[in-house]
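Only one chain comes next, encoded as structure tokens, the form predicted on its own.
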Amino acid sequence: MSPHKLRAVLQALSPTSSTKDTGLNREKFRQAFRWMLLARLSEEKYANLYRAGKIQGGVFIGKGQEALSVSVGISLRKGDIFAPLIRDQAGRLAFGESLLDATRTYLGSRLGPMRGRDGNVHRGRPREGYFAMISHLGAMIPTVAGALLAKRFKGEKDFVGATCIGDGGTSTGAFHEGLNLAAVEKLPLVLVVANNHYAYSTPTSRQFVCADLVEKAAGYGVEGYSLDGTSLSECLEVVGNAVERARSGNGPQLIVATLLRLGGHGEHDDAHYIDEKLKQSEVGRDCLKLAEKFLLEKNWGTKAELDEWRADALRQIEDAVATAQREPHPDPNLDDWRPLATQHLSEGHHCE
């Protein structure tokens, strides 16, 4: 079977068990596409600002990964937990992050969620179930597992936690410890792996020897799915069904999506090491272009609508940038120097 087709790992999914079909519908696809478009255009703007010297630190864009990312954010709901990774702008927006929050963080505004203290991808709103990323090397897996345990201890019900990781991160201890804990406790964790074939510049041939990372699911006794990460329709269906299975008490769900990072590790990296054959293969396809083609072919959208959506996204981006650029940067003379976990910086909670 092609690695780009959905595959269930039978270790945990019996032949007679059924997956609730979340369905692929027109409105959900259109909504997901618009989040993808906004993510792509906003990150292109951030990259331009970075090259112009307006952004300090790094810019890590999700070009080529938007279909997978948006499918995670759009499949979750209020009360769930989402811990995105460095290429999850589309998922962040779909989960509820404002474009202004993202822009303020990149541009160092004191009014942003990190108050200008931390840039780019280390942003979140924990009280809203949206976690700030600690590290892209697996740290968010045990973090989300712990949060899910806390919800269980508090007696909460009907919740899911999702987090994302790259292929390289699956080789870390945090990946093993977090997923193993989630499996033992049968937590409603959805772990999404973006296999983009490179851990920075290290190819997968130097990372692992299994044919498909979804084989790891059997070792942990959890349900696993392998899919084509360039197909928005497949991502929406598989991720949506996995979220529902986790919510229904079926334990952790491991999703492995095959795709290609259509750029460098960050805007500082020219990606010269990426195999040209991969770029020309199916995994090197642009998920946004494929989704646009799908929309038009199914008559779920018109060229005029697509043009309107693009213009609207560009207006939102320019407004957010203009707003953030007018706002003050951190001033060490005015800062109370408390860490983010305490009092004023904990979004309303009083902690001494």
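The first residue of the shown sequence is 1; numbering continues from there. Here the structure is a predicted model, which means the values were calculated and not measured.
What follows is about the form predicted together with a small molecule, which we do not show.
Novice: Determine whether any heavy atom of residue 198 comes within 4.5 Å of a heavy atom of the small molecule in the predicted bound form, and answer yes or no.
Specialist: Contact check for residue 198: yes, within 4.5 Å of the small molecule in the predicted bound form.
Novice: Contact between residue 116 and the small molecule in the predicted bound form at 4.5 Å, heavy atoms?
Specialist: Residue 116: no contact with the small molecule in the predicted bound form.
Novice: So in the predicted bound form, does residue 181 come within 4.5 Å of the small molecule, heavy atom to heavy atom?
Specialist: Although the small molecule is absent here, residue 181 would stay clear of it in the predicted bound form, with no heavy atoms inside 4.5 Å.
Novice: Might residue 278 be said to contact the small molecule in the predicted bound form, defining contact as any heavy atom within 4.5 Å?
Specialist: Output for residue 278 is no: heavy atoms all beyond 4.5 Å of the small molecule.
Novice: Using a 4.5 Å heavy atom cut-off, indicate which stretch of 161-169, 104-112, 144-152, 228-236 touches the small molecule in the predicted bound form.
Specialist: Looking at the other structure, the answer is 161-169.
Novice: From the list 86, 187, 214, 83, which entry has a heavy atom within 4.5 Å of the small molecule in the predicted bound form?
Specialist: Selected option: 86.
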